[in-house]
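Single chain ahead, by itself, as structure tokens, in the form predicted on its own.
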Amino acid sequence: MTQWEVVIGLEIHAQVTTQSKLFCSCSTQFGSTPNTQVCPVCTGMPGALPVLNRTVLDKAITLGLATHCTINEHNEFARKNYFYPDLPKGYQISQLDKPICSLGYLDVEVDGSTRRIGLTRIHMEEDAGKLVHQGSDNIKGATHSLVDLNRSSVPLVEIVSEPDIRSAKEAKAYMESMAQIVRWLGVCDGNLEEGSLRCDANISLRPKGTETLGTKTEVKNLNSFKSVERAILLEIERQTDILDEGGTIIQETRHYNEATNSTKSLRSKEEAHDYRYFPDPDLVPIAIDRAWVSRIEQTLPELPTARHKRYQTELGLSDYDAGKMTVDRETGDFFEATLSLGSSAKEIANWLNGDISAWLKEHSSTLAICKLTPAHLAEMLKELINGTISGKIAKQLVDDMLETGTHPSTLIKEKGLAQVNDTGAINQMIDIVLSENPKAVEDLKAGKVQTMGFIVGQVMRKSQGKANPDQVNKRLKELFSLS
């Protein structure tokens, strides 16, 4: 057992989902030709003045309310001064001592128990540009670097946690929960691969039973949930080895390499005074009254954690199904809409988790862009329960509805997919199958119940999936006196 307690705080940078940048009207579209989404404001041309994007402010307040923060009536932007080639103004517009949100929390589930992680602040800031290294995948070994300013002044909210996290597993769970919330609220698309959600981890160790924080290191380039956990585990191990040998931790910034699962030192860690923060003279302080906050508060949706619990307590869904139905907003809303049409919660969850999910994955699609509607799914489930169609036909209908958006009743009529419930027709098909399979008949006469599955399958094949399987099973049991 180690004598050290792990202390972790995360800084999450979420790119706010907007069509234009934080202080200008340039597009925020990802993947465009370098330096085509720029203007005098976001490239820092002399005399160009910033104008705040109101949508960013509203979304920051939305996130603050969802995470139980205080929305500060007075907040302002500051200049964070440092030099780097992808920072055209020579400073970043951010917030320091007067952020938009402060002192909130987020409850996360870890190993069946709830951990409350405090939030120090949520503040708005602009992103920097991007360096594109030539001749190497990273700066080491590059012959030269190019600057792409498309990302310059793209709006971010930085979510800074308290040092309340005590393990790499907790850090991963917190990151996943925060990603789910920003996606759910439409604050950020949460795309880690495109860099719209990024994380830095501050990690330190202290002797167990003490309150004084140890010297921390900051680990950057954590661009997946797995890398958050792996990088923190590496840093805990590194710091433990140093302290066990009587060494001293150096406050520094380290870079995580996912390919090699290793970290390396980048630079000594800066303090706030190193950036010479001061209020930005080009942006007036922001005054937020209670009416403004109330207006946004009234638009807050039911959050995923609350909906997850409701699905379990009111609808009787399992923890697994409730989690799947709240994995993202579009799934949750599709489920809700289908449920409102009278369908069974469990049946909806089964289809969304099963055939529908598989089809969407295979076709790289989503519920938002596929042609299936809640009304179509509800109608198909109704036809299935009523016995109009079989389970096999239902699977075929779901594929057709996802592909074409055609109403299930239309498909059933046009393709002749209605289930055969006519006793005479079913008995005739059973007789034909039995005459074609004398060995199976002998097995059934001998009481080999498992052979029934084979015969039922043959009848379903002969009927092209239309025969009512319950009637087929009932008839076979009658013929061979099987229970």
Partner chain sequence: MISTEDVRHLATLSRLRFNEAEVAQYAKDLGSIFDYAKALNELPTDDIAPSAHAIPIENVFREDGVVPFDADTLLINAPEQEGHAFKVPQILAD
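The structure displayed is predicted, hence computed values, not measured ones. Numbering follows the first chain given and starts at 1.
There is another form of this protein, the form predicted in complex with its partner chain, and it is not shown here; the text below is about that form.
Of the listed positions (R116, K226, K264, H144), a single one reaches within 4.5 angstroms of its partner chain by any non-hydrogen atom in the predicted complex, namely H144. This chain lacks the partner; the member of V293, L303, I249, L283 within 4.5 angstroms of its partner chain in the predicted complex by a non-hydrogen atom is L283.
Looking at its partner chain in the predicted complex, residues G186, I385 and D399 place no heavy atom within 4.5 Å of it. The candidate stretches are 454 to 462, 60 to 68, 430 to 438, 36 to 44, and the one lying within 4.5 Å of its partner chain in the predicted complex by heavy atoms is 36 to 44. Although the partner is absent from this view, R310 stays clear of its partner chain in the predicted complex, with no non-hydrogen atom inside 4.5 angstroms. Taking non-hydrogen atoms only, L22 approaches its partner chain to within 4.5 angstroms in the predicted complex.
Its partner chain in the predicted complex is not approached by G316, whose heavy atoms all lie more than 4.5 angstroms from it. Taking the partner from elsewhere, Y84 is found to have a heavy atom lying within 4.5 Å of its partner chain in the predicted complex. In the predicted complex, the residues of 50 to 89 lying within 4.5 Å of its partner chain by at least one heavy atom are, in order, V51, L52, N53, R54, T55, L57, E76, F83, Y84, P85.
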